[in-house]
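Here you get one chain, nothing else, as structure tokens; it is the form predicted alone.
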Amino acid sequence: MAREDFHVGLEIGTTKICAVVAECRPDGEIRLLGVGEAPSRGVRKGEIVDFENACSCVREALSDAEEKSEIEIRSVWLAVTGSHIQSFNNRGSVVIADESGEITDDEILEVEYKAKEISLPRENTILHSIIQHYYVDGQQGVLNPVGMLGSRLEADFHIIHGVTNRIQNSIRCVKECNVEVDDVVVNSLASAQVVLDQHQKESGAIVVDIGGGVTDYIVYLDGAVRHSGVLAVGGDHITNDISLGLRIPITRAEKLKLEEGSATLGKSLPGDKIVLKNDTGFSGKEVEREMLNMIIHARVEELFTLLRKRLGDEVPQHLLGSGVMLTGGCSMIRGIREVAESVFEMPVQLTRAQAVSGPTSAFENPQFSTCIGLAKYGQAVRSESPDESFGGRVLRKFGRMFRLPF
């Protein structure tokens, strides 16, 4: 299969490293060719803290994906996350210099440059500048101003930035495996490519991707990205709470969370207990089901409350016609949708990658939403710039971003 026929998405997560090899067809369907996985070591809250261990896990996941897809992986689209990722909205404005008043690609590039002329911390770099709206002489609703006549072009952009060295650590980790990085993409933007359709973006929606160490979120209003960010709270925090609250080993707490736990309260029978069998270094124990659920509920409710406060006045709730979309591994906790609905006071859906074929266990699992979304993102970029070489794009210039309808 030719190199341009497939894309590889790689996510270096807190609990799992995932690599997806996918063929993205012109009709928008994604066919998974292979999914590689490896337990994550050396990663905390979505960021690398032990470089050698993390490299070893990435190498294992990529090898697994190569073996299953029977394709040699030379480059990947890399997801990045972490609490250092921040965003804001900004407007750029340029005067049309051409005597005819015709707007060209030069003005499009210049207005984006003007929007990015902001003061960031020295250690930060721009990851994405995503177009929201164009205005020609104050005219709203302009989709593509190229060729139009006017004296002033303005444009609103959503700017996402993060700490350069932390992002470079993830890139270097991949390059240690003799694999290039096509580009880096924030987790939430990648996930949104496959869990939202255009109608949902137009009507307004929040995508909340709950992983092991962090929760990524992105908000669409009127088809454009309005807000995005990362909360340093994830599924591992729930596991830690269970371990401390019930005084059981962390591995038992994780298994208990997934197999027996629920975020819903009041549905357990009085006196209902879960028996934990003896194991090496653990003498066994009985725990009350309602106590387990109380611990899970408290942390999940806290997560959604923090997120709602973070969104605050940035996102008028009455404009979110499609509500909240939950994805990521932690979205599989029983009862989590009901807690989210209670906090956000709007409809909530559990979602996963859409329009995907291949191994059912992969695309039906919300843990793979980001990786599959990376492949679709790559296809969109490739379609926009078919003649541009892939290798090392992100290493040449971090701030570059394609003018795509993300």
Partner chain sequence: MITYPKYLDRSETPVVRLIGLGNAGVNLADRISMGGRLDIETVAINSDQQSLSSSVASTKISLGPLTTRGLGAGGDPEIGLDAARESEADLEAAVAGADIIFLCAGLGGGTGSGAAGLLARAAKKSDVLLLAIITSPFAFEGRRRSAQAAAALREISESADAVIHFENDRMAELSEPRQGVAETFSCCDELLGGCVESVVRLVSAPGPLGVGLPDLLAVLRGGDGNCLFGTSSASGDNRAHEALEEALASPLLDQGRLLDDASSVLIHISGPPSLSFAEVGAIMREISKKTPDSSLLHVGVSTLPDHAAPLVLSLIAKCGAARSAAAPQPRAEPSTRRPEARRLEREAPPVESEPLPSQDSFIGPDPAPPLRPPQRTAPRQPQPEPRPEPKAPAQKVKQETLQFEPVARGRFEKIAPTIIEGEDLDVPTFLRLGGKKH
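All figures in this text were calculated on a predicted structure; none of them were measured in a lab. Residue numbers count along the first chain shown, from 1.
Same protein, other form: the form predicted in complex with its partner chain, not shown, and the subject of what follows.
Put simply, Lys45 is close to its partner chain in the predicted bound form: some heavy atom of it is within 4.5 Å.
Although the partner is absent here, Leu143 sits far enough away that none of its heavy atoms falls within 4.5 Å of its partner chain in the predicted bound form.
Using a 4.5 angstroms threshold between heavy atoms, Val233 counts as touching its partner chain in the predicted bound form. Using a 4.5 angstroms limit between non-hydrogen atoms, Val324 is distant from its partner chain in the predicted bound form. Screening 292 to 300, 170 to 178, 327 to 335, 105 to 113 for residues having heavy atoms within 4.5 Å of its partner chain in the predicted bound form returns a single hit, 292 to 300. Distance criterion of 4.5 Å from any heavy atom to its partner chain in the predicted bound form singles out Arg310 from the list Arg91, Arg310, Lys255, Arg152. Comment: its partner chain is not present in this chain, but in the predicted bound form one of Ile250, Val95, Leu319, Val275 has a heavy atom within 4.5 Å of it, namely Ile250. Contact check at 4.5 Å (heavy atoms) against its partner chain in the predicted bound form: none of Ala38, Val219 and Asn365 pass. Taking its partner chain as positioned in the predicted bound form, the residues of 106 to 127 that bring a heavy atom within 4.5 Å of it are, in sequence order, Ser119, Leu120, Pro121, Arg122, Glu123.
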